[in-house]
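So this first bit is one chain, no partners, the form predicted on its own, shown in structure tokens.
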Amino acid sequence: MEPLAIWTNQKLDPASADLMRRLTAPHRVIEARATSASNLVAGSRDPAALDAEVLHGQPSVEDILESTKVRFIQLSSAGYTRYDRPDLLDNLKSRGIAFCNASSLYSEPCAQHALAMLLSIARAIPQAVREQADAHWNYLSLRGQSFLLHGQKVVIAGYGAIPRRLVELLAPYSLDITAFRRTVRGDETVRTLPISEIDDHLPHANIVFNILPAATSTNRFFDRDRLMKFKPGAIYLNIGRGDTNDQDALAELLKSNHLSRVFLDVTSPEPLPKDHALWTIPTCHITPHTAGGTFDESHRMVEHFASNLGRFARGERLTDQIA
């Protein structure tokens, strides 16, 4: 294959940028005029993107549609909501352009984060941290709030790379797990049902994981009516997307004790307004969209991209290929 022009708007630290150049040689790396280290930031239009055969990071939809040269697009994120458009996906398919997200890159940290969220609640860690600030030794109360995971009924909304890995991490705890997804494929590693049936199972679940992607069909999926179907005292954890639940309803149901604990890694907007009730409700715990993060995230991202670039050059099926 002749050397390709690789355009990227992913802001990399110097070591990762050097790694990108070394691992993608002899191809040529073109840095966008506007870069961002955050995968949540939509890319702006950049004339240089129109001269590249490979786009990496968060390219603008307009540049993708206008480009006559692009052959392979590698997103730097697991989510691809802004690209999930029939006009774009049909365009990519008709032109034979490979389009990939990076879901496998983030499945391990996100799954570990979800497990940590659940274990911290089970062992009353957030409560102990709060009380440490007041030098309060609350021995009997915190022991009484702790519980074991074994035998708990778990519902997982969504079943992609992250839930699949989470199910593996939860295996030693002997939980009763049922996952729900739009289309059941039959290759799931745990009992999986159509998401249209989830309401029948929510009243029996002790723990509900929301790992839904952002989409029109999932917007406010866990609205007040659906949250009211939860078993009283249930735990709700969201590492999917913030706009998939009703945050005001979450605050209301925490205050009424219908939900015992809520743990959010995502909100809408991000961050939440400073006056939102969820910040100060003691039974709500928030991490700032850090589930997918690791100290070497940029390094791992470059390795993931370089590996997929190699597959593309050899004509092989790509990792995390969407179209």
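Every value quoted in this text rests on a predicted model; they were computed, and no experiment measured them. In case it trips you up, residue 1 is the first one in the sequence shown, and so on.
One more form of this protein should be noted, the form predicted together with another copy of the chain, which is absent from this view; the next part is about it.
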property	result
Triplet Ala52, Ile64 and Asp320 all within 4.5 Å of another copy of the chain in the predicted bound form via a heavy atom	no
One residue of Ala251, Ile125, Ile195, Leu202 in contact with another copy of the chain, assessed in the predicted bound form (non-hydrogen atom, 4.5 angstroms)	Ile125
In the predicted bound form, the one of Arg28, His258, His289, Arg45 near another copy of the chain [non-hydrogen atom within 4.5 angstroms]	His289
Among 178-186, 86-94, 212-220, 143-151, the region lying within 4.5 Å of another copy of the chain in the predicted bound form by heavy atom distance	143-151
Interface membership of Asp225, another copy of the chain in the predicted bound form, 4.5 Å heavy atom rule	no
Proximity of Pro172 to another copy of the chain in the predicted bound form, heavy atoms at 4.5 Å	yes
Another copy of the chain contact in the predicted bound form: Met117, any heavy atom under 4.5 Å	yes
Non-hydrogen atom contact Thr294 with another copy of the chain in the predicted bound form at 4.5 angstroms	yes
Another copy of the chain in the predicted bound form - contacting residues of 109-139, heavy atom within 4.5 Å	Pro109, Gln112, His113, Leu115, Ala116, Met117, Leu119, Ser120, Arg123, Ile125, Pro126, Ala128, Val129, Arg130, Gln132, Asp134, Ala135, His136, Trp137, Asn138, Tyr139
